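What follows is one chain in structure tokens, specifically the form predicted on its own.
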């Protein structure tokens, strides 16, 4: 052990996290090289679809899994990120990457404000409040002509962006990087004092307050981080589809999948949302190609019922039990 590790705890933390980051980057690189070898443009767009849900589910898990506060407003935060990207593109000419950063700031502040107003509520009352937030945001967007209103907004996509082979490859790599960063943040939160405090809140909030855990401050940090990452998941959406309207941005599928994926994979762990997102999003993408996209929520519903019955703690909980 080096002298730096002995005198600086942060050095030990960096060493402990290094294998994860190396592994995450290695997996991401392997996925990209596999798609490059396949050479099918559709693979990039299908991969984007899966990775978007990895980001969304991991973001939801920070508040819903670690702290136990179920957020029904995931679609609202995702749509807020998407429309922030549209707004800054029209107003300032910002491209995708600056749009993602702006979306993270706006939705992070939105999450902070929402948390300040609603986190004194508990249980189902908090969940209803987040659902109402999504309805309010959708009403605002529908009546905001500058970002397209009910007509929707178009984003003209270039055919290629050097040095990338295609636009599909570019948008996939952006979402791949966002997925690695988001999962890394979720894991860091889980093993940090913030994560331990949130888990204490989930187990027994009154007991956590009694022993000195700053519950309100931790919940505000969690809502701000959760909102920012959900906005990041939504910011590339108009660049991916080329057209976005309120019905698509505030789709029920985003809200349902954001909850179902961590529950199926194993809520309260950083790996659970990743497993659930890869499994469910891949099945939905396969159903879209082979049968119909109308079956997506039907598939999610049946899988959720099965797992709630057989493995209420998700895939990781089921294997861990054995």
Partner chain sequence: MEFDLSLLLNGIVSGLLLGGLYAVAASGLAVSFGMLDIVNIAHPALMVAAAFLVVAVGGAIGLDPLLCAVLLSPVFYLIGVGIYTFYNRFFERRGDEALQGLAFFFGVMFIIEVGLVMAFGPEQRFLDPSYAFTTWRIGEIDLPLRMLVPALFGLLAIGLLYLFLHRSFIGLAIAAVAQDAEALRLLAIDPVKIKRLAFGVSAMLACIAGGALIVVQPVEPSSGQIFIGRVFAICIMGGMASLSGAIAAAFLFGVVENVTATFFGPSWAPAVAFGWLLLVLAFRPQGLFGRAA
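What we label the rigid core is the largest C-alpha set whose atoms superpose within 1.5 Å from one form to the other. Positions refer to the first chain, counted from 1. Note that the coordinates shown come from a computational prediction; the quantities given were computed from them, not determined experimentally.
The protein also exists as the form predicted in complex with the partner chain; that form is not presented, and the subsequent description refers to it.
- Contact check for 301, 304 and 308: all three have a heavy atom within 4.5 Å of the partner chain in the predicted complex.
- Only one of 187-195, 94-102, 112-120, 221-229 places residue heavy atoms within 4.5 angstroms of the partner chain in the predicted complex, namely 112-120.
- Listed residues 171, 129, 155, 208 were compared with the partner chain in the predicted complex; 129 is the one with a heavy atom within 4.5 Å.
- Listed residues 70, 271, 35, 279 were compared with the partner chain in the predicted complex; 70 is the one with a heavy atom within 4.5 Å.
- Among residues of the shown chain, residue 125 is one whose heavy atoms approach the partner chain to within 4.5 Å in the predicted complex.
- Using a 4.5 Å cutoff between non-hydrogen atoms, residue 166 does not count as a contact of the partner chain in the predicted complex.
- Although the partner is absent here, residue 259 is a contact residue: one of its heavy atoms lies within 4.5 angstroms of the partner chain in the predicted complex.
- Contact between residue 297 and the partner chain in the predicted complex is found at the 4.5 Å heavy atom cutoff.
- Of all the residues from 78-107, none has a non-hydrogen atom no more than 4.5 Å from the partner chain in the predicted complex.
- Relative to the superposed core, residue 21 undergoes a Cα shift smaller than 2 Å between this form and the one not shown.
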